[in-house]
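The chain below stands alone and is given in structure tokens; this is the form predicted alone.
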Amino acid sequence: MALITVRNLALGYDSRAILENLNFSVNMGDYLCIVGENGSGKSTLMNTLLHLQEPVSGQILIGDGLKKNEIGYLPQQTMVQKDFPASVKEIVLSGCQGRCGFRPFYTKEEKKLAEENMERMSILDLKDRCYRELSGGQQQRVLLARALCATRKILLLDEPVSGLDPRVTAEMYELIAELNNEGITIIMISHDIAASVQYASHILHIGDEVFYGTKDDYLKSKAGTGFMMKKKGGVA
């Protein structure tokens, strides 16, 4: 069974749908990029997949042994979040909170997991630094390490390279691709169509037209060719 299966999903607010009849599935090891015009409902979909928002109608089914608290999430950063006055170690450890339940402390295993993920993201030497003193790229690595403390299966990423310079953006994309190659399933909202078709195994395009399938099929589709032309022309 797929990790996530979406059936006849309608998204929106106050029972008013902004997107309807959405159907797709995400299997272990997939790299799914969600693309589309601004305001098409990409972030609304992400919030619904995370159960932070109720769908207007339809179903989101979790399978293949995945639990709701085993989904790692890297949200878009706000200025308030970028200025958060906590240490790197504290932020990464907070990714283990879903495992704690009502327990008010972290176990040795959870502390070890946080250290392993900081090392994995090459930020172990920053563990005692204040988060708000770090560069944008370092902060994103901290948030990735935090998300990895919540999951060994799937990461949901909302515009993870937003605001980063081209060099750091390329490093972040390579880092995400490495995680996918290690077996972690990726679902990523992206405005970068070039990177999406470079790295993704599957594309979900939402907007006036909806497409779900492999990136090769997307590039041949009406939705894909039209959107690529808009991006090249600077329209979307």
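What you are looking at is a predicted structure, and each value in this text was computed from that prediction instead of being measured. From 1 onward, residues are counted along the sequence shown.
Only in words, not in the display: the form predicted together with a small molecule, which the text now covers.
Colleague: The small molecule isn't shown here, but in the predicted bound form, which of 207-215, 193-201, 59-67, 31-39 has heavy atoms within 4.5 Å of it?
Modeller: The contacting stretch is 31-39.
Colleague: At the 4.5 Å heavy atom threshold, is N180 in contact with the small molecule in the predicted bound form?
Modeller: Output for N180 is no: heavy atoms all beyond 4.5 Å of the small molecule.
Colleague: With a 4.5 Å heavy atom cut-off, would you call A10 a contact of the small molecule in the predicted bound form?
Modeller: Residue-level check for A10: no, no contact with the small molecule.
Colleague: Within 4.5 Å, heavy atoms only: does M228 come near the small molecule in the predicted bound form?
Modeller: No.
Colleague: Would T169 count as a contact of the small molecule in the predicted bound form, using a 4.5 angstroms cut-off between non-hydrogen atoms?
Modeller: No - in the predicted bound form, heavy atoms of T169 and the small molecule never come within 4.5 Å of each other.
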